[in-house]
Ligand code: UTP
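Single chain ahead, by itself, as structure tokens, in the form predicted on its own.
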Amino acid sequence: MEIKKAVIPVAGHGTRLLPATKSQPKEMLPVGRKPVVQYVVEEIEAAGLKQILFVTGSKKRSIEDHFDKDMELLKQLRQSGKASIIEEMKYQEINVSFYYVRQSEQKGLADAVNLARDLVENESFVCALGDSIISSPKSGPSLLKRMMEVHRKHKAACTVAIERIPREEVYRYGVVKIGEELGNGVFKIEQLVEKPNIEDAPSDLTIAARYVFSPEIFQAIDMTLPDKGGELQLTDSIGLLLKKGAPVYAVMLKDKERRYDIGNYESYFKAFVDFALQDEKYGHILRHYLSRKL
């Protein structure tokens, strides 16, 4: 069955990026000339998905405003002859339907995904975290396309993207233990652990903010127990799928693919610099500036 729907959780408070996130979502912070979440939406649209559900929270209205077509602004730009800026605004014409649901309480990522139950119904769907950008080469199938193909081919309950990171950073993420490679960077998952202690981590492979789920995930979420902070962790829900023998697969990011996790200032600054340096119009100016500065 064709996968047509995607869920983007954007309800987090972004406390590690305060004070920048006091009055705006971290997903709306600019990286280069676009906000973080625009990269995510464009990635989803390029993979052929047609419906996107944002799971929002308080102070997230600017996300809805960003993807709403502003006819008055376009009119002003046309009247002032600013054709180049109008070109930059073409993302508003993206061929995707947007839906929004509010996560009133911070009950964890699994709870956010569970709010998509009514939209998803009995179909498989993509989940892409709204604070993480996947940078991929333009040639070849994208990460999401590869994940959806693996999910369909193996009739998976869950397919996740994984990447190898420095072991001292594993405590920040969901960590996976993989089995034998099935070919082309595809693995069957044997174990998942959410934010383990470094010494207890089963590997240095972490979930890279992209998932494909079958509707089975909702039954697993129903059985997921809250963690010590009272939240429902999505990694724990996937772990329940594994315990019942459901097929769970991993797709490794390729060498030229990279995940940018906009979760703290260090990663945000690195992402901004990398994307700004790649900018077709301003990248060379920034390179000259930095070479003089450094």
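Residue positions are given as counts along the sequence shown, with the first one as 1. As the structure is a computational prediction, the values presented were derived from the model and not from experiment.
One more form of this protein should be noted, the form predicted in complex with this ligand, which is absent from this view; the next part is about it.
Mapping the unseen interface onto this chain, G108 counts among the residues with a heavy atom inside 4.5 Å of this ligand in the predicted complex. A residue is said to contact a partner when one of its heavy atoms sits within 4.5 Å of a partner heavy atom; T15 meets this definition for this ligand in the predicted complex.
Among heavy atoms of A271, none comes within 4.5 Å of this ligand in the predicted complex. Remark: I134 does not count among the residues lining this ligand in the predicted complex, judged by a heavy atom distance of 4.5 Å or less. Of the candidate stretches 135-143, 122-130, 156-164, 179-187, only 122-130 has residues with heavy atoms within 4.5 Å of this ligand in the predicted complex. The single contact residue among A112, M147, I221, L192, judged by any heavy atom lying within 4.5 Å of this ligand in the predicted complex, is A112. Heavy atoms closer than or equal to 4.5 Å to this ligand in the predicted complex belong, across 245-260, to no residue whatsoever.
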